[in-house]
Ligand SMILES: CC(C)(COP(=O)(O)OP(=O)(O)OC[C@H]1O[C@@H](n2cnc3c(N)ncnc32)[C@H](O)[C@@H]1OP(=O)(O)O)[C@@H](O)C(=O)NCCC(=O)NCCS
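As structure tokens, one chain now follows by itself in the form predicted on its own.
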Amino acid sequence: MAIDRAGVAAGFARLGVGEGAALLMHSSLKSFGWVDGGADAVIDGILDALGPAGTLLVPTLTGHRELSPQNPPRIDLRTAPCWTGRIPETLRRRPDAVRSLHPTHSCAALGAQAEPLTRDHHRSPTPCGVTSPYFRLAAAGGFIVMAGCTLSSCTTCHTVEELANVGYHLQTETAFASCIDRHGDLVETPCLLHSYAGPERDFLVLEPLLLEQGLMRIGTVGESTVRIIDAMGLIETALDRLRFDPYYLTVLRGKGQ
């Protein structure tokens, strides 16, 4: 069964996406089935559902495990591709897209709040902290969309880990990274990088809690299973658990490590 731009717009509207909302979407294009118009049709359909006052963000991540303070990221955000899928890569290439200034965890955005939600990302000492688009979207009352993927891919869960200051999440030494911004200017961006030596994450543990509290709804758009989550609700729910168990979001949960 094929779906087109109008079908995407109608599908997201059925799931409660209203005009003026702000969405941070993680996605798998192939999960929608055959899309007439490809990634652009998905992007435009969601923007149609959001209306002119709405905003669509996507994670345009570029970090990898080889990065360290001794090998800091140096990246041209005008051209650097992301590894988060066809839809984010298509969106970030659009001339009117705004990409946040961060060497590993940038977001690209279209819509009314694209500028305020992405600004000052380089001032965040951690990748997903309070001056990142991930937290700003939550503070603005926005929603996380997982289209064809699960909470295992939810970058906002790293926001939770950073707010809780868990010991396993980040490298301990500052990396003196740099980015070239959309104007061609070189911006120094000192930051802490992700540590890949920590325990395996288990973000899926949050799903039953979010459903129970009415913070997540699940439906379909085309052939894609779509989860829509209250972003601040996810952050608050996960923080409550981490106060009692700092390993709650990992496979070491409940083991007192």
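The model shown is predicted, which means the values in this text are computed figures rather than measured ones. For every residue, the number given is its place in the sequence shown, counted from 1.
What follows is about the form predicted in complex with the named molecule, which we do not show.
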inquiry  = If the cut-off is 4.5 angstroms on heavy atoms, which of these, G85, P127, G142, P73, is the one near the named molecule in the predicted complex?
reply    = G85
Contact residue in the predicted complex, from P208, P52, G38, P190 (heavy atom within 4.5 Å of the named molecule) = G38
query = Do G33 and the named molecule come within 4.5 Å of each other in the predicted complex, heavy atoms counted?
reply = yes
Proximity of R227 to the named molecule in the predicted complex, heavy atoms at 4.5 Å = no
message = Test of understanding: in the predicted complex, would L67 fall inside 4.5 Å of the named molecule by heavy atoms?
response = no
ask   = Using 4.5 Å between non-hydrogen atoms, is A175 touching the named molecule in the predicted complex?
value = no
query = Do all of H26, L29 and P59 end up near the named molecule in the predicted complex, with near meaning a heavy atom within 4.5 Å?
reply = yes
key: the named molecule in the predicted complex: contacting segment from 116-124, 167-175, 150-158, 182-190, heavy atom within 4.5 Å   = 150-158
